[in-house]
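The data below hold one chain only, encoded as structure tokens and taken in the form predicted alone.
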């Protein structure tokens, strides 16, 4: 904050705006932007890993793996996402604390579920009550990111499974006739061909993930929408250093522009990826997309 911002009541013009936009609340808004970007950067690869694991498990001939894949991908279609977002972080948090409770406090024999309360010993708490605030924030963020990854990983598994099935069988039969093993044909033929079918669905999932980031507040993580709502409402001189009227329209318009830009950039990136993977793409008729376009 600038040196002349010590007395907000004496400010006017650009100095008022400069000090207003660099106060602590606005820095919290700016840092929440980084939180959203970090969530996207962490969740997307995790969701893809879980998606591939779920899709391959569903195709597995090993019954336990196949059953896991069937259950994991079916839950995504059957249960509303908001239930997952609320259930998964809470369930994981309690599971971690329960395991720590059994390891660190074996002498405690009281049940952890006492009525409506979940009670573990102080040493089993995550994070510990003595931990710094940033540790609590990071732990909550990681739980939220893992919850998002599990939810979108299940949807990605459905998309990838469908894309793997969409690859023409004659491509794999040709690979086998050339002496390729199943592993070789998967990595050299099946997987590269799959991307052309999977990208449209995965791009939609990415767009939905971007639009789902405001749900972070439900998981205790303060995101951009939360801080925009906190800052933009009417502020009176009696309680705030920078009083102003109802500015919600301006703040949420800025968020609208941000999400539109994110969507537009994503469309361009996925469009180029789709064009790249469509080059020479085999079709059910045995030709390629280049031939169809010609």
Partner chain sequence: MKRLVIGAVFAALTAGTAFAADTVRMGTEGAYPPYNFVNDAGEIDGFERDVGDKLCEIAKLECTWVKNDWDSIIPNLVSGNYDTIIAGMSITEERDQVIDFTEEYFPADPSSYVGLSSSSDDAITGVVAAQTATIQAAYVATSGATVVEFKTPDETIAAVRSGEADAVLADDAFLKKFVEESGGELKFLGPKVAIGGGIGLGIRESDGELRAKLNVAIQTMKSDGSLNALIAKWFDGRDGGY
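Nothing here was measured: the structure is a model prediction, and the numbers come from that model. Residue numbers count along the first chain shown, from 1.
Keep in mind the form predicted in complex with the partner chain is missing from the figure; the text below concerns it.
- With a 4.5 Å cutoff on heavy atoms, residue 59 does not count as touching the partner chain in the predicted bound form; it lies far away.
- In the predicted bound form, the partner chain sits beyond 4.5 Å of every heavy atom of residue 167.
- Within 4.5 Å of any heavy atom of the partner chain in the predicted bound form lies no heavy atom of residue 81.
- When the partner chain is considered in the predicted bound form, residue 197 lies well away from it, no heavy atom lying within 4.5 Å.
- Partner contacts here mean any heavy atom within 4.5 Å of the partner chain in the predicted bound form, and among 111 to 119, 201 to 209, 155 to 163, 172 to 180 they occur only in 111 to 119.
- Note on the partner interface in the predicted bound form: the residue among 234, 66, 263, 31 having a heavy atom within 4.5 angstroms of the partner chain is 234.
- Heavy atoms closer than or equal to 4.5 Å to the partner chain in the predicted bound form belong, across 90 to 105, to the residues 93, 94, 96, 99, 100, 104, ordered by sequence position.
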